[in-house]
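As structure tokens, one chain now follows by itself in the form predicted on its own.
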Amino acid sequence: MDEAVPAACTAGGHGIERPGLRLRHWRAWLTPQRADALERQLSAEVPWKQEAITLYGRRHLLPRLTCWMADPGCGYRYSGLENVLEPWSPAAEQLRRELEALTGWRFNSLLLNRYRDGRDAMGWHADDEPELDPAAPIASLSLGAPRDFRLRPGSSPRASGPLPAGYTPSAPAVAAAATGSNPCVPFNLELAHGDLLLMQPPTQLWWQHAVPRRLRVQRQRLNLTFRVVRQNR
């Protein structure tokens, strides 16, 4: 996987902005050939596991497989789950270098999710855990089957301070969508094989995202989210 940084890195991608939300989307950031090879390599070399979390006193298996790769000392915890830290695989390390060249950020951690088919999913959440640096972006790479990536304004944002200009998530969503009067309505992005999505601050403070079930999808999707963990907390 030791090849040059893709030419797409020099392009700006497609910017998407809403009050409190900043995204940049590169379609086919990886060529189909490289995306195919990377999907095969990660499927084979990553120590995938199906974790369980505790909700309301009951243990539930996550509806996907996961792996946490990170530099030493970069632990990560959510929903009562302490992720086991794995060393960077060769393919993940190469991608990290390329994304650092693209964004200017040094990512010290990576959460990998493997959706085995359309029955695997991710519920509504924001990546706003205290371990994560709120000033850093999250770079999300998709491989495999295209899947819907849903976004909505947070029902109870954790951010302090004044609301972003135009942030009005309480307006009736149906009427707002019909008239275009409120930019804070849920919307959908389809993330396809080789797509890159950069979620920039303050998105995680004001918006949530999800990967809903799609029972007609028969193929797997891999998602790699490169992050910056604040150490020694």
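In this text, all values refer to a predicted model and were calculated from it rather than measured experimentally. The first residue of the sequence shown is number 1, and the count goes up from there.
As for the form predicted in complex with a small molecule, it is not shown, yet the points below apply to it.
Among residues of the shown chain, F107 is not one whose heavy atoms approach the small molecule to within 4.5 Å in the model of the complex. Although the partner is absent from this view, T225 contacts the small molecule in the model of the complex, with a non-hydrogen atom inside 4.5 angstroms. In the model of the complex, the small molecule sits within 4.5 Å of a heavy atom of M122.
The small molecule in the model of the complex is not approached by A70, whose heavy atoms all lie more than 4.5 angstroms from it. Site annotation in the model of the complex: the residue of L191, A35, L65, C184 reaching within 4.5 Å of the small molecule with a heavy atom is L191.
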